[in-house]
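One chain is shown next in structure tokens, namely the form predicted alone.
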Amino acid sequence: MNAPHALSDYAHLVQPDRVHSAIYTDPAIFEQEMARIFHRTWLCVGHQAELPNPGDFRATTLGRQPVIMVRGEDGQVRVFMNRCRHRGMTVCETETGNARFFTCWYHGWVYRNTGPLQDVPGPAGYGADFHKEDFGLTLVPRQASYRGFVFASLAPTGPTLAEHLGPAAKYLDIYMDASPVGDIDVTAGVHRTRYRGNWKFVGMDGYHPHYTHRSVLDAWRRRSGGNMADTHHGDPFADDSGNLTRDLGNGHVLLDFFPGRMGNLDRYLATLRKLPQGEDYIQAMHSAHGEARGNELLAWAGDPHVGIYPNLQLIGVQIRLVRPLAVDDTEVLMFPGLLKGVPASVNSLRLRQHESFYGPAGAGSPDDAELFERNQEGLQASVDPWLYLGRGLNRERVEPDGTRVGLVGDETTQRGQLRGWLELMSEALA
């Protein structure tokens, strides 16, 4: 299948109720996604709580470009290009660790973890016009943070992070404010999933759990009482559950379980009260936020189930980062966030719930990866290349702030993500 690639053709590929499968299968379109989305818009690099100590670092990529997120010895978190200023070799070759210096193993140039060039071998070989202060590690063109989430953009200009997040920012607050002190610990490790499928398959689909995760939903019903599933009652993915999907703009979308969860608050509080010091957590949330807001945040359970386009999703307890590697190859990193200022029993409950669904022995995430691979395989059939995403379009409503709202199983989220994709892909390159 040869898809059209001219700028104006992207609008043809994404229709109001359908999308052409080329955007999931065509390597040329994937290359354009790297240039127009991942090398230009705001990407989440991680959370500063991953780096509690000076010198802590994590090496990763923005699109295809290697970077290092590091807390310098001055306590500041910075994102540097992982590239020696001499010959361009990476200077950080392990994914995580702690280092005062980064050394290029090609010719031995040494950089401080705050960026300046510390030393070069054979300095007498350089002339008087060589100044070490001109050759520090290069910062990403733009870096900004919100509630400790570190974002970076490889474009020197563009919308601010606040403009990019828009109304989605308040859902990052919900994730953080499940802690009565508004802070988290992200040092518990990471679960990884890598699958042979396109990156746009990941997350924010409230239509599939009845089929892909039926066994999990059955287990929730059989084992109610004493686990995080008690934040729900009945079937949270049913059209009559009261739960919603939201398109927040800029590709950010949400599976909004708050209506159902708030109606089930007393049941969830009863579960918390069974935990050692569980009542202390409830009272701490009331003290920090007031009883009404505290109860709302307890109902959310720190799970906004939001996708911040294009690469961050906050689902359950996890900070999920999506890394596209090829048109049919994707890696997903899932960092469980532990709440600060809560009894250990609360974090244990959250971690056990995370492990029960995600990770290699989880009952849900491996099924999703298998599904994504079968989806990629099916999309190779190109005789009829259009995918229909019209569920709920006939009953979608728009709220005063512009948010589009559908029922929890409606494809409002898929349509919202594709609108964000189309906007970014249609912008002219600088």
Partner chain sequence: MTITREAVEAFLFHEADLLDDMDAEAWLALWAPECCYWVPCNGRDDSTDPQRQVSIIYDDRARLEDRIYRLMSSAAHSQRPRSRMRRVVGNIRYEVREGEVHTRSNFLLAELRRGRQEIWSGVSQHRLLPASDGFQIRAKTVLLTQSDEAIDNLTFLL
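Positions refer to the first chain, counted from 1. This structure is a prediction, so every number in the text was calculated from the model and none was measured.
Although not depicted, the form predicted together with the partner chain is the subject of the following passage.
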Determine which one of 69 to 77, 153 to 161, 271 to 279, 194 to 202 lies within 4.5 Å of the partner chain in the model of the complex, judging by heavy atom distances; exactly one does. 194 to 202
Can you tell me whether Arg374 touches the partner chain? I mean in the model of the complex, with a 4.5 angstroms heavy atom cut-off. yes
Could you confirm whether Thr94 comes within 4.5 Å of the partner chain in the model of the complex, counting heavy atoms only? no
Using a 4.5 angstroms cut-off on non-hydrogen atoms, would Asp367 count as touching the partner chain in the model of the complex? yes
Using heavy atoms and a 4.5 Å limit, would one call Ala361 a contact residue for the partner chain in the model of the complex? yes
May I ask you to choose, among Glu355, Asp173, Glu296, Asp183, the residue with a heavy atom within 4.5 Å of the partner chain in the model of the complex? Glu355
Out of Asp266, Asp119, Asp218, Asp240, which one falls within 4.5 Å of the partner chain in the model of the complex, going by heavy atoms? Asp218
Within 322 to 359, which residues come within 4.5 Å of the partner chain in the model of the complex, counting heavy atoms only? Glu331, Pro336, Leu338, Asn347, Ser348, Leu351, Arg352, His354, Glu355
